[in-house]
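Quick heads-up: it's one chain on its own, the form predicted on its own, in structure tokens.
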């Protein structure tokens, strides 16, 4: 597989400039230390890929968490939910097999009935996939505001490597006119191939993964291809960006891909949340972006690259505007959610996640 040259690449740039008018994160308060998982399955031997992961409470799912993130985004945007013309929720752990998550979220935040709603899936990039679609709706003039959410209560088979990192949380973004945005989306580019590195068949409880294929030819190939192509087409280099954020399945992958693309550890550190909250799957890269937006200054340029198994990456070139300073404090910050932690043990974890079947 080869990366297409910029002259043959179509950047996604809407006719009407758009950006993020509001953003918001949500992370459950419960934390399961990785060493606790290792205690159960390896007797505490060996290393762990992260420090701990966020676990949803008994009364939390993708719907409830999406509602919290959506309310934070609305607070920062300063608009009423009735002004939204779309509410889209990207996830690989929708609570219903047949019943939309998006309609429940739209009802709870007060966006119904004059709104388009839909659920999105593309493994870990369902959230950015919804953002790209929202760019098209707002950029075409069909709507002034559309909401895109990436949220998951990701599953991991007991004892599997995924159990150490599969976590819960995500983010919501309101896409609106560029002149009303905290960050303008200057361009987007998507790179997709059929690379079966991670999957879950219908009726299967836990996903499977291709082990060695999850790095190459999946994660690293797609993120570097998307990121490099976007920068070549934009005429930029890593030095032109203040911050960068990449999909975070573990700690080492985003650090390695940042180095491959030419970014420094300092450029990715504020958005590298996986070590303390785990892999939030559909919300992984975009919740990292919320942490960066919480501290960003006008004029900062940000590169965002997601990854979804199956496989594909969406890359975005973002420019922070003067609006950011006023709106950062209008909702709870991502670091606030990370700080309000309650540590649990493995027994509490399996109870909360329904891993003990009683019938």
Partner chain sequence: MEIARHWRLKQQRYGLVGEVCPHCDVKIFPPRDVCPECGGEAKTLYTFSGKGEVYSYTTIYEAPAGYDETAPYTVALVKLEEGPLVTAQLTDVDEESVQIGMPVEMVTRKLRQDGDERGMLVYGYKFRKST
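Being a predicted model, the structure only gives us computed values, none of them experimental. Residue numbers count along the first chain shown, from 1.
The protein also exists as the form predicted in complex with its partner chain; that form is not presented, and the subsequent description refers to it.
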{"query": "Contact at 221, 226 and 234 by its partner chain in the model of the complex, all three, heavy atom at most 4.5 Å", "finding": "no"}
{"query": "Residue stretch of 310-318, 297-305, 35-43, 61-69 approaching its partner chain in the model of the complex, non-hydrogen atom distance within 4.5 Å", "finding": "61-69"}
{"query": "Heavy atom within 4.5 Å of its partner chain in the model of the complex - the one residue of 75, 162, 108, 132 that qualifies", "finding": "108"}
{"query": "Residue 268: touches its partner chain in the model of the complex, heavy atom cutoff 4.5 angstroms", "finding": "no"}
{"query": "Its partner chain contact at residue 16 in the model of the complex, heavy atom, 4.5 Å", "finding": "no"}
{"query": "4.5 Å heavy atom contact, residue 95 and its partner chain in the model of the complex", "finding": "yes"}
{"query": "Exercise: residue 137 in contact with its partner chain in the model of the complex, heavy atom 4.5 Å", "finding": "no"}
